[in-house]
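In structure tokens, the next block holds one chain alone, the form predicted on its own.
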Amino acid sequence: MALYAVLLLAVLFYLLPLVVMLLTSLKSMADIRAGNLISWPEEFLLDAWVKAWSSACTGVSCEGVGAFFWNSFQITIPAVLISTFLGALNGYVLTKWKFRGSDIFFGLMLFGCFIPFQVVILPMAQTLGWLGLANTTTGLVFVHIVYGMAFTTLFFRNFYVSVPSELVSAAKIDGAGFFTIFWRIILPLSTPIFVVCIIWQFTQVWNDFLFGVVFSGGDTQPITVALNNLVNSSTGVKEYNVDMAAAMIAALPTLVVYVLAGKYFVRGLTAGAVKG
């Protein structure tokens, strides 16, 4: 019982900020001024959510965060899918089709996991300028693919180390080639690590602020940048309910992903994502 009591206290401690945000977003401003942070709303209202979505000011524009919410999806989905697929291909090559210097190559690639965001800003900005992708959604997708590939390669490489090499050797003897082995043998075994990488990358890309604020502009900004602009925009009275509603809107996709797929994330990790 003591263990369950401690766990319950931990759950309440970590959920309290979320509860405060949700309750505040459902209150009127008069209710917020009259009560305290965790008081129950006198009346549940969705006005703040509607305003945050469609008419709140995010800088000089007062069209809400709705458009930026869809921008984040346009950035996140292709970045996650492409970086995950490239990581799977890299991990497959580095474990089952090793070449001279492959271990050194993998070690050098690992440096990408430890390079701070700030270090790559200037060279990446120059690269996007050369490619004509500055201040575009496509440019942000490219940035996240490049930065995320080191992590996905690490995950897949460590997972594929635990896959018996005899499977690949037998397929080679039967005449299967590089991509045939990848599609028909390796990928069907990779569901757990795909889930891990997709959840990891989705969270990293969706929650990114620094790359979004540096490499996007105007209508191409992700929702994290729009949320920052909304909170720091002042039009007189500070509307905390609208701020909290916008924060909840920005957090909903990652919350849904973890609620629906969190157990698969843990299973994927224990199935070999951190082995090797």
Partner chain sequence: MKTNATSDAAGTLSTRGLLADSSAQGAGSSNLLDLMQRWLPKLVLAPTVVMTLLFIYGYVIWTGVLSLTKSRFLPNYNFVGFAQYEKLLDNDRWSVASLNIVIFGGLFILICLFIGVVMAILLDQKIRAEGSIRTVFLYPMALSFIVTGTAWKWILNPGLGLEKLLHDFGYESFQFDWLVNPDMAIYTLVIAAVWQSSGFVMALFLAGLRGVDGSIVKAAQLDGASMPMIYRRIILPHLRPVFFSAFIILSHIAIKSFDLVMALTGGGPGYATDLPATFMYVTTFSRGQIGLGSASAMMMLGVVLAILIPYLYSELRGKNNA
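Residue numbers count along the first chain shown, from 1. Since this is a predicted model, take the numbers as computed values, not measurements. Basically, rigid core = biggest C-alpha set you can superpose within 1.5 Å across the two forms.
In what follows, reference is made to the form predicted in complex with the partner chain, a form of this protein that is not presented.
For the three residues V60, V195 and Y264, a heavy atom within 4.5 Å of the partner chain turns up in the predicted complex in no case. Among heavy atoms of G35, some come within 4.5 Å of the partner chain in the predicted complex.
When the partner chain is considered in the predicted complex, S162 lies well away from it, no heavy atom lying within 4.5 Å. In the predicted complex, the partner chain stays beyond 4.5 Å of every heavy atom belonging to S28. In the predicted complex, at least one heavy atom of L94 sits within 4.5 Å of a heavy atom of the partner chain.
Between the options F209, W40, W70, F44, the residue in contact with the partner chain in the predicted complex by a heavy atom within 4.5 angstroms is F209. Annotation for 101-128: interface residues with the partner chain in the predicted complex are F105, L108, M109, F111, G112, C113, F114, I115, P116, F117, Q118, V119, V120, I121, L122, P123, M124, Q126, T127 [heavy atom within 4.5 Å]. In a rigid-core overlay of the protein, V20 has its C-alpha displaced by under 2 Å between this form and the one not shown. In this overlay on the rigid core, L252 has a C-alpha that sits less than 2 Å away from its partner position between this form and the one not shown.
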